[in-house]
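Subsequent text provides structure tokens for two forms of one protein chain, presented individually as structure 1 and structure 2.
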Structure 1
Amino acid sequence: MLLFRSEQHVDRWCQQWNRPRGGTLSLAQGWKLAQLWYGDRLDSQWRSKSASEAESVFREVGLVGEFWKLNV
């Protein structure tokens, strides 16, 4: 995971290192994702999320588009 200060900074980094632009998320989205992803981790009934469940969490956080699709 890399942290950037702006969308323009992401674009410059990608150009400088000749890398395709992947998925990005804001700090607020990252925090919400962590809460939804790990919020029940200490529950004795915890289990890994399926690809469909993970995509549902991504959508709830606002992470949409090809990058965030797991079921191809």
Structure 2
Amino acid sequence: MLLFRSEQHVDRWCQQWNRPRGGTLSLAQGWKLAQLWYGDRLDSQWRSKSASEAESVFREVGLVGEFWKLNV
């Protein structure tokens, strides 16, 4: 999960490394995702998210579609 200046730089990177274009999100979405994902990590009873819980977090951040699905 890498940071880029622009869509054009993402395309250039994908071409250089022979990778298909993946998913993109804004830095603001990334920050919200990080808060939802890691905000409870120091809780003593923390447990990893189920696939459904993870998908719910993605939806909350606006990340929807086949790329973000975990339950198949």
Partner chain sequence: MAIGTKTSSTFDQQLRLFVYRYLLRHEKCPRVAEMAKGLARSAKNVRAGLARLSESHAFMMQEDGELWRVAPFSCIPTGFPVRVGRKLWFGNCIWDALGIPAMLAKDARIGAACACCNYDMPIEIRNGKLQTTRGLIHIAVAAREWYKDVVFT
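By convention here, residues take numbers in order along the sequence of structure 1, the first being 1. Predicted, not measured: the structure shown is a model, and the values here were computed from it. We call the rigid core whatever largest set of C-alpha positions still superposes within 1.5 Å between the two forms.
Form assignment for the chain places structure 2 as the one matching the criterion, namely the form predicted together with the partner chain. Core-superposed comparison between structures 1 and 2: CA of W31 displaced by less than 2 Å. Comparison between structures 1 and 2 places the CA of L42 2.7 angstrom away from its other position, after core fitting.
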